[in-house]
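Take a look at this single chain in structure tokens; it is the form predicted on its own.
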Amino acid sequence: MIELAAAQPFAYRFELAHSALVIIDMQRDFVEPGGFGESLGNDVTRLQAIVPTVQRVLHAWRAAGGRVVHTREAHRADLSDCPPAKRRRGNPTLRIGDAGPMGRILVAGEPGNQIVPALAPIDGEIVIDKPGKGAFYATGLHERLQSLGVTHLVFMGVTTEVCVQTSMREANDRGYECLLVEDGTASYFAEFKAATLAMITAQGAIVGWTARAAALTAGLPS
């Protein structure tokens, strides 16, 4: 049993054999210039800043023998799984499915839809293409985790208040005990990240726990 005494709002305990590290949407369309995130008018350097921290945790988790799940927000080429309302939302200069500097925006298989090279999946890791904000919607992720005996999920990725929080709330409703790595997640808006961290841990970890990356890596077996 691993115990993170420094977690908020109180200690978080998990067994590595029954846990998975879930890295949400660290893909080029959100993190790099020229992608969907920038087309919405956002400063993508805020998201780029967490890549080294996410990489450190990922390497430590792999070295400890832990399971890893990567997600990508990705739609079919014909956009049949993208509701028109979603495509219209936000008045971006480039809409989902449009051709951008890294290929069609948020379309599976396109260069911009890939996970950034520093965090690329390796053989044996689960990669989920999700048509929605949450990792559990229309993906079969819950069934895969259940078959592996996973009960605890450690989250990192972007953006904190949208796809990360949505996935954590979905996981909470399915009975998983969830931890968010505070410095392994980011938002285009600092105040949105701060509010999300507060909401997650409120009322005795109503959604889950948070902890710093250093506390997590220090607790993992070498």
Ligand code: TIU
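Sequential numbering from 1, following the sequence displayed. Owing to the predicted nature of the structure, the values given are computational and were not obtained by experimental measurement.
As for the form predicted in complex with the named molecule, it is not shown, yet the points below apply to it.
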| property | result |
| --- | --- |
| Per-stretch contact check against the named molecule in the predicted complex, the hit in 193-201, 171-179, 61-69, 36-44 (non-hydrogen atom, 4.5 angstroms) | 36-44 |
| The named molecule: the contacting residue among His152, Arg104, Lys133, Arg95 in the predicted complex [heavy atom, 4.5 Å] | Lys133 |
| Contact check for Ile23, Asp183 and Trp209 against the named molecule in the predicted complex, heavy atom at 4.5 Å | no |
| is_contact(Val162, the named molecule) in the predicted complex, heavy atom dist at most 4.5 Å | yes |
| Met156: touches the named molecule in the predicted complex, heavy atom cutoff 4.5 angstroms | no |
| Sequence-ordered list of residues in 61-77 near the named molecule in the predicted complex, where near means a heavy atom within 4.5 Å | Glu73 |
